[in-house]
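Consider the single chain below, provided in structure tokens and representing the form predicted alone.
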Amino acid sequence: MNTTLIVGAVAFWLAAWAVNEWLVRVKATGLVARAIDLVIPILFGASLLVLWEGLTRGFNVPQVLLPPPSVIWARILASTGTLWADFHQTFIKSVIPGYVLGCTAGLLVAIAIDRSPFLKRGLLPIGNFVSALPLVGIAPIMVMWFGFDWQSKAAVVVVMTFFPMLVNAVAGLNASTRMEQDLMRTYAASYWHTLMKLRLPAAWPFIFNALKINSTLALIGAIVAEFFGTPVVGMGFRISSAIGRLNVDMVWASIAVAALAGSTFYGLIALTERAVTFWHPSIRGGKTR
């Protein structure tokens, strides 16, 4: 046991915690506030990595149980070609098509059933039922239907993203108040004018909420689906095959790439939300401290 490493890692973590506690209390606006909002998570994440590194090396934790971040980083640098191929297979070929199809279909169906109380009462309970289905039950069925390549993983993503979008979009279309809808009628606005000018803009916060939820669900669904059959490439394949050989550093390298991809995807959607729904109180209120 290396006491120096353990004490140093804990001390760095406590110091970073104290700095973050000070930063969150700083009264700032504009670029300074945005810089602070960026520094806080970076510093917190760096402190966790340092603590992880110090504890695993200080207590001599076997790498087969938990490798330190430096070993995982070395594996990432040594396997960039393999990890890029896995990323392309899982994220580019499976997640993106399934995500776009599932979210688009959910939004269009929500608009379609908005005018039909019968469909609304019939589909929404089914949506809640399907959302509760276990992924490990859906994935092998999709592999049997669509084969072992990316199409079956995209199909799993479509199933996982369709109903969250449907439920949130239907709730968003009903978010506009009765007074606002009556005002549109006084202007002799048609259903489609009311939909495009009032109800759909009011639904954007709900729609983006579904998009952000689905950004993580899509990646999880594609990776888990690859456990049940895939070509010899993909994040899920890499994780399952590497853990079978006790190649734990490769498992963590794949997990790190997946986490980075999912976080970046989520962040891009959040930035798009701020640009589209700049008028919403939650966005306007977040510009100042």
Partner chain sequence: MTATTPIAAPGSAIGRVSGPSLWARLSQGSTVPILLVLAVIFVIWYAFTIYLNARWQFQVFDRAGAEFTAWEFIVGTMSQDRPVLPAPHQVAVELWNTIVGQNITSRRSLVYHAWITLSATLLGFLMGTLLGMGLAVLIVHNRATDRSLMPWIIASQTVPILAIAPMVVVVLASIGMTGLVPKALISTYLSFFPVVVGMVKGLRSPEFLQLDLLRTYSASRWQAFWKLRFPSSLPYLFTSMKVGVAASLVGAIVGELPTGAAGGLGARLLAGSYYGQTVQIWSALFMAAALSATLILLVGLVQRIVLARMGGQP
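As the structure is a computational prediction, the values presented were derived from the model and not from experiment. Residue numbers count along the first chain shown, from 1.
If you look for the form predicted in complex with its partner chain, you will not find it shown, but the lines that follow are about it.
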Point to revise | Site test, L55, P69 and F208 vs its partner chain in the predicted bound form, non-hydrogen atom cutoff 4.5 Å | key: no
Practice item. Would you kindly say which of I92, V136, M196, L183 lies with a heavy atom within 4.5 Å of its partner chain in the predicted bound form? Key: V136
Check your understanding: Just one of L123, V158, L173, L83 has a heavy atom within 4.5 angstroms of its partner chain in the predicted bound form, so which one?
Key -> L123
Practice item. State yes or no: in the predicted bound form, is some non-hydrogen atom of G147 no more than 4.5 angstroms from a non-hydrogen atom of its partner chain? Key: no
Point to revise | Partner proximity in the predicted bound form: A132 to its partner chain, non-hydrogen atom cutoff 4.5 Å | key: yes
Review point. Taking the shortest heavy atom distance, is W192 within 4.5 Å of its partner chain in the predicted bound form?
Key: no
Check your understanding: Quick one: is T277 in contact with its partner chain in the predicted bound form, heavy atoms, 4.5 Å cut-off?
Key -> no
Point to revise | Which of 211-219, 184-192, 95-103, 73-81 lines the interface with its partner chain in the predicted bound form (heavy atom within 4.5 Å) | key: 211-219
Check your understanding: Going through 255-271 from first to last, which residues have a non-hydrogen atom within 4.5 Å of its partner chain in the predicted bound form?
Key -> I255, A258, A259, G262, S263, Y266
Exercise for review: Might you say whether the CA atoms of A270 and W22 end up closer or farther apart in the predicted bound form than in this form? Their distance differs by 3 Å or more.
Suggested key: farther
**Study point:** Direction of Cα pair change V157-V136 in the predicted bound form, magnitude 3 angstroms or more
**Key:** closer
